[in-house]
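This document opens with one chain alone, in structure tokens, the form predicted alone.
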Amino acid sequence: MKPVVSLPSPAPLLSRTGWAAFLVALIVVCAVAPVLNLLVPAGSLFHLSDYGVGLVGRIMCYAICALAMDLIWGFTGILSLGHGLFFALGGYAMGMYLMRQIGLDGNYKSELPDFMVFLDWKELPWHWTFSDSFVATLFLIIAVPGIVAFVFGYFAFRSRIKGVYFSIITQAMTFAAMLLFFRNETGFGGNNGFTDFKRILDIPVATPSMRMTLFVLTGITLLGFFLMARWLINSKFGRVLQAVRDAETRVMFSGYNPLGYKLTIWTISAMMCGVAGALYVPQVGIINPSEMSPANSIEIAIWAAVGGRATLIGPILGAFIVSGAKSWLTVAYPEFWLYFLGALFIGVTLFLPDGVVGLVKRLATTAAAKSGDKA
């Protein structure tokens, strides 16, 4: 009779401390921030300004992208330099809806967006067919990045393209898409893109209450994606992903086909970026092809590297650290920002391979060891 081998019980979604931190973050997003912004007087020391709301809201969108990058790079070993494309596709899907919401309030008082009137277009192109429906827009925000990622990933992973070659191809993909969207005849506004948004669901988009609503939705989405990512990584699916990252050949010899696992997490990651882009556009008030630039995709990878890959919370912290530094440096020392970003990436690669989270863990371990020796 063969001995019964018991499988290890699945790890909890979060520890007790983790759930406490999660609830604190949820309360800050849903209660504290709205009160500080909407109810506390502007002259008070505790008032959260509209600028602060917009800045943190944008960074939370970036954090969703960083979390998506961690799923494919940190846990699966696939470095993408093209995730800015999926972010922009979700943003364009939302931007098309917002442009239709302008209605007759545009400069030309036409049902067509202003840029189409300027270019002497007589009717909407076919890909704008469902742009006036919010429900259809929600579907497209997820479906368009997901379909693009699935098709690209299927052929790339089936051909067993990996490593630096895959990274270069993803960078070429987003660069090609950027050049395509720059063309006026594509119907996406050319180099100016979409801007001058008026309403969302027939509600003015520039009001403090709508700004705070978008902020709260972004925070809840980020926290929800974090829980989803934890669940995925703690599952059997997540363990196979990590095995693919560490030794893909052994995974194949064990009877698993890595194609399905890599393609699934790649598509999920792209859809997460699409949602982030859709939340980003109404908060910043513009979307144009520059969001697809390879530099933006590289910056997403830097957020994950700075925070710490394969930690989930690390890339979120990395997005806040790097984007916060960018917001300050581009105002105080704009000519040094790119040098700082390059130096930061090199420094993290050489001296902090596990990122900020890894550094904190090492310091905590060292402190615990010293306290143990003293005892």
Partner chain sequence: MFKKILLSTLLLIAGSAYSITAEEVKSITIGETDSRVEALAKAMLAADDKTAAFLQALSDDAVKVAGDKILVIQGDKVVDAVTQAEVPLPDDAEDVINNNRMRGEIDSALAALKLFSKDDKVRAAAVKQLQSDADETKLPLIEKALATELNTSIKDQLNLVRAAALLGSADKSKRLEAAQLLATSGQANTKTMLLARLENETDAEVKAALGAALRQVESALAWGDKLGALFSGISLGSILLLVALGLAITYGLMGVINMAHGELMMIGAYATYVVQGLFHTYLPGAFDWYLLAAVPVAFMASALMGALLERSVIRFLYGRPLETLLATWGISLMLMQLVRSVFGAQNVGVENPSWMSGGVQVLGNLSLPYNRLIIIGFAIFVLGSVAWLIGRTRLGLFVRGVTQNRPIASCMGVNTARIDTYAFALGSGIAGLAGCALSQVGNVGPDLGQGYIVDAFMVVVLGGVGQLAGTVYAALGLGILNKFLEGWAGAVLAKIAVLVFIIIFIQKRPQGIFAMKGRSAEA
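Positions refer to the first chain, counted from 1. Values in this document were obtained by computation on a predicted structure and should not be read as measured data. We call the rigid core the largest set of C-alpha positions that still match within 1.5 Å between the two forms.
Note that the form predicted together with the partner chain isn't included here; everything after this is about it.
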Listed range touching the partner chain, judged in the predicted complex by heavy atoms within 4.5 Å, from 219-227, 89-97, 138-146, 167-175
167-175
Are all three of Trp73, Ile346 and Thr349 close to the partner chain in the predicted complex, meaning a heavy atom of each within 4.5 Å?
yes
Using the partner position in the predicted complex, report whether Leu279 sits within 4.5 Å of the partner chain, counting heavy atoms only.
no
So in the predicted complex, does Leu341 come within 4.5 Å of the partner chain, heavy atom to heavy atom?
yes
With heavy atoms only and a cut-off of 4.5 Å, decide whether Phe152 touches the partner chain in the predicted complex.
yes
Answer yes if any heavy atom of His127 is within 4.5 Å of a heavy atom of the partner chain in the predicted complex; otherwise answer no.
no
Residues of stretch 353-370 in contact with the partner chain in the predicted complex (4.5 Å, non-hydrogen atom)
Pro353
Given a superposition on the rigid core, I'd like a yes or no on whether Ser49 shifts its C-alpha by 2 Å or more between the shown form and the other one.
no
Establish whether a shift of 2 Å or more occurs at the C-alpha of Gly347 between the shown form and the other one, with the two forms superposed on the rigid core.
yes
